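Below, in structure tokens: the form predicted alone, a single chain.
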């Protein structure tokens, strides 16, 4: 299948048993059909199952086609059941050999799921229980001997299962605004890690490249100057952020980066490797704007985001809890973090993340099912006709974006 592996994986954490399932031809010819197929696989696995997936166009040359997502069984809108997975996570997952993975059951002890080269296994890791999210990422990369492994980790907040816990992708937080980390904690699942060494087929690579390049050019002309995080958040225009800014980077295939790395522990102009943990990569617009509204300085905002990431805690929830005691400062934030999960419920932060890019939540779900970044496409304009036109040479058929 073009842009697909044609199979999905399944793992039962209770038994450690894994399975592979072939996918029928044409299962991913529309976002609706793709999500329905994932939902059917979840239903087959049991009531407690969830899925981690790449998108239909993930790994293609369509602008910002690097997204994956977590799919949960929840009542309510798609914003309550879908969590984006950005950076290089979505592409790495697809190249690992599976289009999506269904996870069910609860492990008897702490460990992580390890996926690569079409192989899935649960790796027992009792020592990871005492580590924060960064430590879990480092442990997995060290054990498996590859610094490029993509890791979706929970932190200590997930252990007490608060709805305001947050998954951390490698070292950075921002995507999970619906408490997905609590799902990990309840299963003693400390992380999901994967490494992709596979290849994707295209029907017409030259035609896909030409169409994608043309669309890239149109987007860049319309989006104007890129200023990293400040292009998406007025709060980041404060000169305090400019003084700390080291660089702005993009996710896979995105020409308009929204991720800005700010250095806290060495001069921002330093290019060579210096301090071991010099700063933090910020792209959580909702958290930056909320923390700024509490009159925290840019340096303190970035510090809070870094500390929340290590604990695996959603920053808006943490700051909301801290503000209940009066003025908010680093000490008040730290007190909440060390409480082990006293933050507010996920409902208070729901749709304050990437889902907020769209007025219509169905566009958000469509973006993720296609494997496209919702933040980028909301800014560029959700042009379904253009997406279909650019993806057709890659897939070899016109995708039915609107059912």
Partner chain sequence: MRLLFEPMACIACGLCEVACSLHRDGVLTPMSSSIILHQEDKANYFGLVLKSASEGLVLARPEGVTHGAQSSDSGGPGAKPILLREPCDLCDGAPRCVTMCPTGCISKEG
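Residue numbers count along the first chain shown, from 1. Note that the structure is a prediction, hence the values are computed from the model and not measured.
One more form of this protein should be noted, the form predicted together with the partner chain, which is absent from this view; the next part is about it.
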| query | finding |
| --- | --- |
| Heavy atom contact within 4.5 Å of the partner chain in the predicted complex, the stretch among 118 to 126, 195 to 203, 70 to 78, 311 to 319 | 195 to 203 |
| The partner chain contact at residue 249 in the predicted complex, heavy atom, 4.5 Å | yes |
| Distance check, residue 275 to the partner chain in the predicted complex, heavy atom within 4.5 Å | yes |
| Proximity of residue 255 to the partner chain in the predicted complex, heavy atoms at 4.5 Å | yes |
| Non-hydrogen atom contact residue 366 with the partner chain in the predicted complex at 4.5 angstroms | no |
| Heavy atom within 4.5 Å of the partner chain in the predicted complex - the one residue of 289, 138, 183, 300 that qualifies | 138 |
| Heavy atom within 4.5 Å of the partner chain in the predicted complex - the one residue of 95, 102, 113, 305 that qualifies | 95 |
| All of 162, 231 and 356 within 4.5 Å of the partner chain in the predicted complex, heavy atom check | no |
| Residues in 58 to 83 close to the partner chain in the predicted complex, defined by a heavy atom within 4.5 Å, in order | 59, 60, 61 |
